[in-house]
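One chain follows as structure tokens, the form predicted on its own.
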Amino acid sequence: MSQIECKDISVKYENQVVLEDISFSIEQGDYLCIVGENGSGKSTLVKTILGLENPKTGKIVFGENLNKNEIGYLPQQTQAQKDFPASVYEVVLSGCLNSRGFNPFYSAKDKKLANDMIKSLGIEGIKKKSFRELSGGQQQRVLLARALCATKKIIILDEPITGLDPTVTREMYNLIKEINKKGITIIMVSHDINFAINNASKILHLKKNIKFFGNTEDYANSEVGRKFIGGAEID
């Protein structure tokens, strides 16, 4: 059974239909990139999968071995989030909140997991620093560590490299690829189409009246894929 299956999803936002009749499925270990023009509903789809938006029609089915609280999420950052006055360790540890249930206290297991994720992402040296004092690349590593504390199964990333310089962008992409190699499913909203076709196993392209879901090779050879990769306007 698929980890996540979206069946004929339509989403309305502020009285406008943002997504219409979207269907696709995600298997364990997939690396799915969601691409498309600005305003095509990429972030809205992510929020719908996470339960932050309700579909107008259709449904989302989770596999037997996946609960909603087992999905790690790295959202687009707002300025308020960038200025969050907590330490790196506190931010990473907060990724364990979903698994706490009604227990407000972190366990020794939670604290060990947070420290393990901090170590695995190479941010031990900034563990005690305030999140707001970090560079954009450091903040993204911290948030990725936080997302990994929430799951061993699937991570959703919404434009994780926005505003990062080329060197830091490559580092983030490499980290994400290594995470996927460990068996964690990746769903990533991306505007970097060249990265998507070179790294993702599947592509979901969103645009009104034109949709594509399938493997990366088929996308690159499709009409919609060739036009989008070439920077042409899609009719």
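Just so we're clear, the structure is a prediction, and the values are computed from it rather than from any experiment. When you see a residue number, it is the position in the sequence shown, counting from 1.
Note that the form predicted in complex with a small molecule isn't included here; everything after this is about it.
Looking at Gln76, you'd find a heavy atom of it within 4.5 angstroms of the small molecule in the predicted bound form. Taking non-hydrogen atoms only, Glu37 approaches the small molecule to within 4.5 angstroms in the predicted bound form. Put simply, Tyr13 is close to the small molecule in the predicted bound form: some heavy atom of it is within 4.5 Å.
In the predicted bound form, the small molecule sits within 4.5 Å of a heavy atom belonging to Thr44.
For the options Glu90, Asp110, Asp116, Glu159, the residue carrying a heavy atom within 4.5 angstroms of the small molecule in the predicted bound form is Glu159.
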